[in-house]
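Below you will find one chain, with nothing else, as structure tokens; this is the form predicted on its own, and questions on how it binds or moves follow later.
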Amino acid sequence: MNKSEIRRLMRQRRRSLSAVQRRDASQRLLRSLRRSQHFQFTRRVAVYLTNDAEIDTSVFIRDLQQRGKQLFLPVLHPLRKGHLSFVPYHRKTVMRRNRFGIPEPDFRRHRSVPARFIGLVCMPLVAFDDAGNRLGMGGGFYDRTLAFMHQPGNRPALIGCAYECQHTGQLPAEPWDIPLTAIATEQRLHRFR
């Protein structure tokens, strides 16, 4: 299958889950994430707000807030087309919808932080494989934003969040794709080199 076909199939799989399955998966996702030392010990964590039947992040967002972690949300960068910026997120953060209809902090009201200064980036995905390759929605936002990962220096740990049903044997990988540290699902934490 090509990437478009894989995206269509995996999005159907996650949309077919019942509300009870989704709620249960959200609780179990937190258990998987807690198995990661990066999740346990990192002070600055970037996370996304759930969209398009993605695995629900609200439970682990609350957990991180209770632990006093600094949370950041991705924001479509207004000047660097195709890139993300990470903006602090807390209960009083002023939000607005981006061009895709996804809520994000208002870039004009908050100071952003470069990804290289965040310890852990939790990211959404459509599919993942046994080698830690991630297939996103196709916009390339994370790949462009995290391109510095191919160079030496400060690098965050990258954990994809997904349902186990989004796992596939092998995905087509491109040279610019950024491999993940781990994938957290409702069933387990898949670790990669």
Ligand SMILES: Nc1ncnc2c1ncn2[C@@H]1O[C@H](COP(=O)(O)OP(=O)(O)O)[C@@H](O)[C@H]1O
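Just so you know, these numbers come straight off a predicted model, no measurement behind them. Heads up: residue numbers just count along the shown sequence, starting at 1.
If you look for the form predicted in complex with the named molecule, you will not find it shown, but the lines that follow are about it.
- In summary, among the residues L135, I61, A46, L30, the only one with a non-hydrogen atom within 4.5 Å of the named molecule in the predicted bound form is L135.
- Think of it this way: in the predicted bound form, the named molecule has a heavy atom of just one of E164, D52, D143, D56 within 4.5 Å, and the residue is D143.
- Contact check for A147: a heavy atom falls within 4.5 Å of the named molecule in the predicted bound form.
- Taking the partner from elsewhere, K3 is found to have a heavy atom lying within 4.5 Å of the named molecule in the predicted bound form.
- Taking non-hydrogen atoms only, R188 never approaches the named molecule to within 4.5 angstroms in the predicted bound form.
- Although the partner is absent here, R7 sits close enough that one of its heavy atoms falls within 4.5 Å of the named molecule in the predicted bound form.
- Per the 4.5 Å heavy atom criterion, the named molecule in the predicted bound form is contacted by stretch 135-143, the sole one of 135-143, 33-41, 66-74, 152-160.
- Along 145-181, residues A147, W176, D177 each place a heavy atom within 4.5 Å of the named molecule in the predicted bound form.
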